[in-house]
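Before any questions on binding or motion, here is one chain by itself as structure tokens, the form predicted alone.
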Amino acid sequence: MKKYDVIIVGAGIAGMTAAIYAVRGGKEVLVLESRVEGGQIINTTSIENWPGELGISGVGLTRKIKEQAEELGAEFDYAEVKKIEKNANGWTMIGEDDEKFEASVVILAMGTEPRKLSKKQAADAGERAISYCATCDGALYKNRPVVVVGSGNTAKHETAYLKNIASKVYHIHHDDPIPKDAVAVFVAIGRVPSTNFCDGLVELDENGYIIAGEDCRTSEEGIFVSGDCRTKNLRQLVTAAADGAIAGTEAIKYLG
């Protein structure tokens, strides 16, 4: 089994930026991604707050950053990390089917995932389609009734978007009954950190975010964190990239 200097868990903006910095520092780097590179931004058709790019798509920005990381020498692989264990020389990441990856340093960059429906609403939804992205799936329900669950700005935007597609859009709050005639449920009730396997590994706050300051160092030596799964005040693409730069640089310092 090849051992890397740095393994980054998550190929969003934070993880890929960390890879760029770490590999430019002369380290062997592997990025592990369980689904698809880019994280939640791949669902964004036009990004207008990324410096130097006006209206670039999430997919387009992701492709550029990944190509840059690969060109510099970072490796990418697809695996869902289920557990991280300390070993004599660093860390072992254990994936599905007990697949293992080893590194001296780990950077956690899993981001967040959509908050799921409550048990009550999930039961109420039954076999109806569930979506977390109106721009991705809205066209599938043209001229059909749908429902948006949520009370924040995201839910309002999803509702406004779907009104141009669906025959009717119900906008309800968390735990309200789901209208019987709705054929699909669009969930917009916030996000939660993707840190299920981190409990007992590093210190988490009450909401499951990994506790770390601006140096991106966690409570465990040799483990760093970057991006939206870190405790922070602002979660934006630029702050994810900043975290990645810091985590990658701190990892280099740690390795010496």
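Fair warning: this is a prediction, and the values are worked out from it, not measured in the lab. Each residue number is its position in the shown sequence, starting from 1.
The form predicted together with a small molecule exists for this protein as well; it is not shown, and the discussion that follows is about that form.
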Open item on the list: I'd like to check something about T159: if you look in the predicted complex, is any of its heavy atoms closer than or equal to 4.5 Å to a heavy atom of the small molecule?
Closed with: no
Open item on the list: Is it the case that A79, even though its partner is missing from this view, gets within 4.5 Å of the small molecule in the predicted complex, heavy atoms only?
Closed with: yes
- [ ] Would you check, heavy atoms only and a 4.5 Å threshold, whether L54 touches the small molecule in the predicted complex?
- [x] no
Open item on the list: Is K27 near the small molecule? Define near as a heavy atom within 4.5 Å, in the predicted complex.
Closed with: no
TODO: Using a 4.5 Å heavy atom cut-off, indicate which stretch of 212 to 220, 199 to 207, 64 to 72, 45 to 53 touches the small molecule in the predicted complex.
DONE: 45 to 53
